[in-house]
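A single chain, nothing else alongside it, follows as structure tokens in the form predicted alone.
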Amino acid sequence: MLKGLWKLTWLEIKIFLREPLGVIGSIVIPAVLFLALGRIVTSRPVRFSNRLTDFVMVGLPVFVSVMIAISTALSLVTIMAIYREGGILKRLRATPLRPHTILAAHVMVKLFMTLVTLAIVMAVGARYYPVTVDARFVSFAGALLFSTLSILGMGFLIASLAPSGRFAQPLGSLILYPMIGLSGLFVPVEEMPDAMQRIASALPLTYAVSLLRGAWLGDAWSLHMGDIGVLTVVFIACSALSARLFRWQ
């Protein structure tokens, strides 16, 4: 089973790298976004306001990381829809590989590309980012992988519900992108009106942002067990629903 998993994972990585638009959207754009926003913000006077300083030092890296996770999930949604319509999932289902092995290979590809993208963004940032940061990169990478895994669970559920490939990515974008505004990334959740706070507390991305922010600042993971617990529940619940609703053809 493991041999089949690794072979399928490697095959999917090669397929992904052969698609220039996918590579640009998943890897190049986050790096460019990170540098462009950093330079735009820091082109202001050197003495930042506290809110602006927090965004440059913490909010921007977290924002770009959230975008990496969301683009990874949308890529998964799109691939699943294309594979279903093209009959590829049906043919894979007919092979000796078990269903969970096939789906696990796609998860591994997406997590691998997430890690590669983060490494490139951090490498480029270390060379060109106009502000020196003191972040715990290993812990932050772990937080991003964990958050991405939870969001991938949502991606599988969206892929299960999407009626066709044409609607898959727009549906995913409609569900995932609006969460950013209420995740506490730009305005702390505690400063939002009560109604918005209740909505934010129901969004998985709120807990991903909290975990990523804490990891970037060097917090111990034990301080974010609530975030980890919610993201774990989201992944398990979405995976369970996907197992019941996922269509192979």
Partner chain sequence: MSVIQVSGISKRYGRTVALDDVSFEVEQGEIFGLIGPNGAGKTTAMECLEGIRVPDRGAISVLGVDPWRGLRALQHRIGVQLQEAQLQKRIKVGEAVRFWASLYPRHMDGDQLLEQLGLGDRTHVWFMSLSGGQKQRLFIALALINDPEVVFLDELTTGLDPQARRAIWELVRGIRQRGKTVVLTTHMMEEAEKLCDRVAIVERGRVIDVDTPARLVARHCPNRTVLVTTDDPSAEARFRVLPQVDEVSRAESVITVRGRDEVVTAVIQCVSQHRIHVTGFHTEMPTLEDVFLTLTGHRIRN
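Residue numbers count along the first chain shown, from 1. Note that the structure is predicted; figures quoted are calculated from it, not measured.
Here the subject shifts to the form predicted in complex with its partner chain, a form of this protein not shown in this document.
With the partner omitted here, the stretch from 160-168, 109-117, 142-150, 78-86 that lies within 4.5 Å of its partner chain by heavy atoms in the model of the complex is 78-86. Of the residues given (V23, A240, V233, I15), I15 alone sits with a heavy atom within 4.5 Å of its partner chain in the model of the complex.
A single residue from the set A94, V138, A123, L174 has any heavy atom within 4.5 angstroms of its partner chain in the model of the complex; that residue is A94.
Its partner chain in the model of the complex comes within 4.5 Å of a heavy atom belonging to K7. Although the partner is absent from this view, R244 stays clear of its partner chain in the model of the complex, with no non-hydrogen atom inside 4.5 angstroms.
Contact between P99 and its partner chain in the model of the complex is found at the 4.5 Å heavy atom cutoff.
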